[in-house]
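Coming up are structure 1 and structure 2: the same protein chain in two forms, each one given alone as C-alpha cells.
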Structure 1
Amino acid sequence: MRAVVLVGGFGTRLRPLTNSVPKPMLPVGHVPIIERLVANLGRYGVTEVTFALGFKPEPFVAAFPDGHCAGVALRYAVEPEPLDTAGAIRFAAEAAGIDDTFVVANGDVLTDLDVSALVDFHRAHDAEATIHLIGVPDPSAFGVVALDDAGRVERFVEKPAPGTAPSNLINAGTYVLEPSVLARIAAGQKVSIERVTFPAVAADGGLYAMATDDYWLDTGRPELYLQANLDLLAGLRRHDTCAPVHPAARVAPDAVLVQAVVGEGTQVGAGARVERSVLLPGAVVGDRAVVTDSVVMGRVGAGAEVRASVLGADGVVAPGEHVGGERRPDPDGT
C-alpha cells in the first residue's frame, strides 16, 4: 500500500518554533513528528510514502539520507506553489504514479490508528473515499461529519461555526482513497479536499467514515505539541514511549526534572527546575532557572522563571527575568 503525507503547511500556529525547523521535523520524544507518523503507517502495511511538500525538501533529505523513513521507502513531490490539500494530493499521487487504492495522512497528526483496519473498512463498504474519525468535545476547529447508520457520510463540514456542528465526530486526518478521487480534483489548481472534494464525494454517496477511540492528537498548536511529548513520556501511546533525557543532553546532577522531555544537546544548569516542558535541541536553561508548561529552543538565563511560554531558537529570557504566556521572538511582532 502506498501513501501520500501532506507536509506543505507553514506551521504558522507553531511559530516561533517553526522559524527554524519545519513543523513535521519538530521532535516529539526526540524523534521528528513525521518519523513517528510514518512509523505508524509502516506498522500497518504502508510500504512507500510520498511527502507532498510546498517547499524545499532539503531538511527532509538531510534527516532521511538513505531514502527511507522509519523503514518505509520515501519519495518527494514539491509543488510549484501551494495547491491546498486536494491539489497537493493529486500532484503527489501523479508524481508517485499512484493508480490503485492509497492512503493519505495529514503530516501533523499523531495517532495509534490501525491503518489496515481503515483499508478493510473502506473495501468492505466499496467506498470511493474513507475518513478516520475521532470524537472530541469541541469539533469547531476541525472537519465534522454527519453519518448514517451504515457509516456513510451524509454531510462533511469544515470548521463549522461554534454550535452548528452536525456531530462531535471529526475528520482525524487519515484517509483511504480510490484513484477516481484524483480525477475529481482540478489539475494544477488550489483545491481543498475538506471544502470541495469530500462534500462532492459525499453528495455522490461514496464517502464513508470509521470512528475509533485510538490515541489521536493534531500537533499544530504549541500546547498540543507540548502535550504530544508529555503523552509519549507518560506511556499513553500504544507502541512507543521515550526517555525523558536524551543521552546527549547535559543536565546538572542537582537539576530537577518533572514530566520533562530534555532534547539532544540541551543544557540544564545547577539547581534548575524543568516541569511539564520540552527542551528542544539548542535550549540552554541557566542555573536555578525554573521552566514550567513551556517549550524552549532558546536560552533561559540564570534564576529566570518561564511559565506557559514558547521560546524559539532566537528566544532569550534574561537572567532573573520572569516570563508568562509569551512567545519569543514574538511571531506577530515586527
Structure 2
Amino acid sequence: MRAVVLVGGFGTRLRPLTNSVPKPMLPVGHVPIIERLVANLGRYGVTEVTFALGFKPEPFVAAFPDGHCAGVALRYAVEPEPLDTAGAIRFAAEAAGIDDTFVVANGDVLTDLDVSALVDFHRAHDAEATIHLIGVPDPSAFGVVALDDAGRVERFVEKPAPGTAPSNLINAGTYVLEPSVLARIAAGQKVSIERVTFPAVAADGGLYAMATDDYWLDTGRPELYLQANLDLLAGLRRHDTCAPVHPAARVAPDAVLVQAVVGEGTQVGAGARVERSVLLPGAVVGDRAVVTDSVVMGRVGAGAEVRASVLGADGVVAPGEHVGGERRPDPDGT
C-alpha cells in the first residue's frame, strides 16, 4: 500500500516555532511529528510514502538521508505553487506514479488508527473514497459528517451551531482513495478535497466514512502540540512512548521536572522548575527560572518565570522577567 502525506502547510498557527523548523519536523517526544505519523502508517501496511511539499524538501532530505522514514520508503513531490489539499494530492500521486488504491494523511495529525482496517472498510463497501472520522465532545468548531446506516456520507455540515449538529463525527484527516478520485481534480489548480472533491464524490454515492475511538490529535496549535508531548509521557498512545529527558540534555541535579519533555542539547539550570512544558532542542532555562504550560525553543533567563507561553528559537525572556500568555518573537511582527 502506498500513501501521500500532506506536509505543505506553512505552519502559521504554530509560529514562532515554525519560523525555524517546518511544522512536521517539530519533535513530539524527541521524534519528529512526521516520523511518528509515518511509523503508524508503516505499522499497518504502508510500504511507500510520498511527501506532498509546498516548499523546499531540504530539511526532510537532511532528516531522512537514506530515503526512508521510520522504515518506510520515501519520495518527495514539491509543488511549483500552492495547490490546496486536492491539488496537492493529485500532484503527488501523479509524481509517484500511483495507479491503485492509496492512503492520504494530513501531516500534522497524530493518531493510533489502524489504517489497514480503514482500507478493508473501503474495499468492503466498494467505495471511491473513504474518510476516517473521530468523535469530539463539541463539533461546532468543525466540519461535521452525516452518515446513513451503511456508512455512506450523506452531507457535510460546516461548523454547526451548538445543538444542531447531525452527529459529533468530524473528518480526522486520513483517507483511502481510488485513482478515479484524481480525475475529479483539475490539474495544476487550487482545489480543496474537503470543500470540493469529497462533496462531489458524495453526490455520486461513492463516499463512505468509518468512525473509530482511537487516539487522535491535530498538532497544529501550540497548546495541542504541547498536549501531544504530554500525552506520550502519560502513556496515552497505543504504541508510542518517550523518555522525559533526552540523553544529550544537561539538567542540573537540583532542577525539578514535572510532566516535562526536555530535548536534545537543552540546558536546565540549578534550582529551575519546568512543569507541563516542552523544552525543544537547544533551549536554555536559567538558574531558578520557572517554566509552566509552555513550549520553549529559546532562552529563559535566571530567576525568570514563563507561563502559558511559546518561545521560538529567537525568543528571549530576560533574567527576572515574568511572562504569561505570550509568543516571542511575536508571530505578527508587532
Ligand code: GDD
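Quick caveat, the model's predicted, so the values are computed rather than measured. Heads up, when I say rigid core I mean the largest set of C-alphas that superpose within 1.5 Å between the two forms. Quick note, the numbers are simply positions in structure 1, starting from 1.
Matching the description of the form predicted alone is structure 2; structure 1 comes from elsewhere. Annotation: Cα of residue 140 displaced by at least 2 Å between the two structures, core superposition.
Core-aligned CA deviation for residue 115 between the two structures: less than 2 Å. The rigid-core alignment places the CA of residue 157 2 Å or more apart between the two structures.
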